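Shown below, as C-alpha cells, is a lone chain in the form predicted alone; questions about how it binds or moves come after it.
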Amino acid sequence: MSVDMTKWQAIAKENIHNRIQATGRLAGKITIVTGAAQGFGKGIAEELYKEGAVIVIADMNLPLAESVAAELGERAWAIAVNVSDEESCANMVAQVVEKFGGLDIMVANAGVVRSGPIADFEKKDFDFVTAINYTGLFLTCKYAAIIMEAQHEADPTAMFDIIVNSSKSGLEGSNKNFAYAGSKFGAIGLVQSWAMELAAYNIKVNAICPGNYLDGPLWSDPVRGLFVQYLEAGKVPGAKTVEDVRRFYEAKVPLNRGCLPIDVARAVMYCVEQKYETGQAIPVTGGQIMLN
C-alpha cells in the first residue's frame, strides 16, 4: 500500500516560504517529533520549541501528547500516530501539511525495547520491536521525504532534515538485548542509504546515538522499565536490585551519568544547523562509545 500524497505535495510547494513567525535558531521550522509524549522525545520537543520551532507531538498516546503540546504553547500541536501502520504515518504527515503548510524537520524518535536471552525470547516480542523501530522508521521517513522532495522542487535552495534517534546500541552489540540492538543497527543502515538518495533534494539524513537516559520512563518504569527487565534477564552479573543495575550502567560512562534530553536536543540542533554532513551516526554517550 502507498497513500496518494499529491494533494499535500501541492500544498507544501505552495507554502514553502509561508512559516509561522517566531524567534530562535529554528524560527518557524515545522517539526514532527514522533514518540514525543514522554522520554527523549518530549525533551527534544521542549528544547526545539524554545528555539522557535513549530512542534508536532506525534504519539500513540494522544491524551498525553495533547497535554505536552498544551504545556509547550501555541506553536505546538498533538496528533495520534502508530508508526508501524502506513496509513497512520501518511495521515500524520498529511495533517501536519494541511495545518501548517509543510514539513521542515522530521525527528524519528519513536522506539520500544524488549530484552531477554535468545533461548527464551518470544517471536511476538521480536516482531513488536522490529515493527516500531525498523519498519516504523521506514514509514515515518517515507512520507516525510515525499513532502520534502516536493518542497525542494518549489525552492531548490531550501534544506530539510530527517533525524533518526538511534542508540549507542546501534553502534555496538548489546548483551541479551539483540532485538533492540539489531533494529538500531538497521536504522543506521537506512540513514546512510537515505542520505545518499535524498542529498539530491537537499534533505540531510543523520542519526543520533544517545547513551542511556537512566532517569526516563524507558529505564525507570517500575513494571516494564529496563532496570526491571535487565534485572530479571540477569543481564547485570550479581545485581540484586534495580539500584545495582543503575550503578552498573553509570559506571560505564566516563562522565559518570546517564544521557539527558538536553544532550540529545543539542545534537539534533547540530544536525539542522550544519550544512555539510549527512549519513552520520553521532554518539551522545558521555564517552561510553568512542568512534575510531
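All figures in this text were calculated on a predicted structure; none of them were measured in a lab. A residue's number is simply how far along the shown sequence it sits, counting from 1. Rigid core (definition): largest C-alpha set, two forms, superposition within 1.5 Å.
The same protein also exists as the form predicted together with a small molecule; that form is not shown, yet it is the one meant from here on.
Undergrad: For the chain shown here without its partner, which stretch in 48-56, 245-253, 227-235, 34-42 has non-hydrogen atoms within 4.5 angstroms of the small molecule in the model of the complex?
TA: Careful reading of the contacts points to 34-42.
Undergrad: Consider the chain as shown here, without its partner, and state which of Val112, Ala179, Ala94, Leu139 has a heavy atom within 4.5 Å of the small molecule in the model of the complex.
TA: Here the answer is residue option Val112.
Undergrad: Work out which of Trp194, Phe100, Phe185, Trp219 lies within 4.5 Å of the small molecule in the model of the complex, going by heavy atoms.
TA: For this set of options, the contacting one is Trp219.
Undergrad: Does any heavy atom of Ala78 come within 4.5 Å of a heavy atom of the small molecule in the model of the complex?
TA: Taking the distances in the model of the complex, the answer for Ala78 is no, it never comes within 4.5 Å of the small molecule.
Undergrad: Report yes if any heavy atom of Ser174 sits within 4.5 Å of a heavy atom of the small molecule in the model of the complex; otherwise report no.
TA: Contact check for Ser174: no, nothing within 4.5 Å of the small molecule in the model of the complex.
Undergrad: Since only the chain is shown here, I'm wondering whether Ser166 would be in contact with the small molecule in the model of the complex (any heavy atom pair within 4.5 Å).
TA: Contact with the small molecule, yes.
Undergrad: Does Ala27 reach the small molecule in the model of the complex if we count a contact as any heavy atom within 4.5 Å?
TA: Judged by the heavy-atom cut-off of 4.5 Å, Ala27 is well away from the small molecule in the model of the complex.
Undergrad: Using a rigid core alignment, state whether the CA of Asp221 is displaced by 2 Å or more between the shown form and the other one.
TA: True for Asp221: a C-alpha shift of 2 Å or more.
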